[in-house]
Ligand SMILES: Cc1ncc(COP(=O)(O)O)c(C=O)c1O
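In the block that follows, a single chain appears as structure tokens, in the form predicted on its own.
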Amino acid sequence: MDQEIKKLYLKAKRPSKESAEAMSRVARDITNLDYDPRRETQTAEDSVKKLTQHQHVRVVNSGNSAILSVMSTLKGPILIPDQGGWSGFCKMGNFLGLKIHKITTGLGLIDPELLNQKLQKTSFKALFLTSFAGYIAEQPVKELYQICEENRVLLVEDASGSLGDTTKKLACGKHAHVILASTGSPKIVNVGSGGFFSTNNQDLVKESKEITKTLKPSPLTCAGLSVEIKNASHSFSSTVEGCEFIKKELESVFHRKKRGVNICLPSCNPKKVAYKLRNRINVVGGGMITICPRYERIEQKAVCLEIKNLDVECLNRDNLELLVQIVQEVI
């Protein structure tokens, strides 16, 4: 008798019920003549300040808008990783006509010593990176920040995948000149839309004023952000713990000993493997399989399991064990 082929059923990440209720409240209140949408913006920005520990925050309508706002203040070349970054770095930089240089990495991870050499040779205005290279492995942000500080280079951390890090190694204002993030789906702070940047640099806020006014968010987004950000630590910790469990069980995985919110597996035939995985892993309301090479992940043949895309309630031991079993059988 043939062995039963087990399938896994999971749920895609969605804004919490409390966030949805907050957004519904604003949708009702917005028609009142005495309603001031600026209250939602201020509350959202105050909530981000508490999380990032920066003095100034601007909430905008997307993560790319946050990148555009910050880049609009720069008058020289910028540096980005050669892989494991975010496509918006190139797109927004090219839109503004900035010269973009790439630093060679170890599968997305920036070596502090190499960065120091690079910054001493060329006068860059900023280094843009993601907290996790490809959402897979933790960047040494604190060390990189110190080097940027010494060389008078702005370190801009895209913390979309690391908001709520209780260790304060990532998404922490003490280790980044600017923190920016998307709060669209599926992110750690998962509102469905919006983004922000935070900084202690008041000049940067002033110089980006016209852009941020143009790219201002909906009051519904701000209301959801104020609530959803309270779930950041739980969402982040649960996702990282889920990835750590999977990494311990799978030997063939990139950056096995690094924290991350995604799993990346080398594959000679990623399309075939991804097809088989999708047939056995059903994610209601979304997906979780990405094929590489891909700049935002890794520039090698691989398949990524986007654990960050999942409702954290799915990340229980039974589901994780079955996920590991399916991967082992398919790979």
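Keep in mind it's a predicted model, so treat the numbers as computed, not measured. Just count from 1 along the sequence shown to find any residue number.
Just so you know, the form predicted in complex with the ligand exists too; it's not on screen, but the next bit is about it.
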Would you check, heavy atoms only and a 4.5 Å threshold, whether residue 187 touches the ligand in the model of the complex? yes
The ligand contact at residue 264 in the model of the complex, heavy atom, 4.5 Å: no
Quick one: is residue 62 in contact with the ligand in the model of the complex, heavy atoms, 4.5 Å cut-off? yes
Classify residue 226 as contacting or not contacting the ligand in the model of the complex by the rule of any non-hydrogen atom within 4.5 angstroms, answering yes or no. no
Do all of 239, 288 and 309 end up near the ligand in the model of the complex, with near meaning a heavy atom within 4.5 Å? no
Considering the ligand in the model of the complex, find the one stretch among 154-162, 243-251, 114-122, 227-235 with heavy atoms no farther than 4.5 Å from it. 154-162
If the cut-off is 4.5 angstroms on heavy atoms, which of these, 130, 105, 199, 208, is the one near the ligand in the model of the complex? 130
To verify the annotation, which of these, 305, 44, 67, 298, has a non-hydrogen atom within 4.5 Å of the ligand in the model of the complex? 67
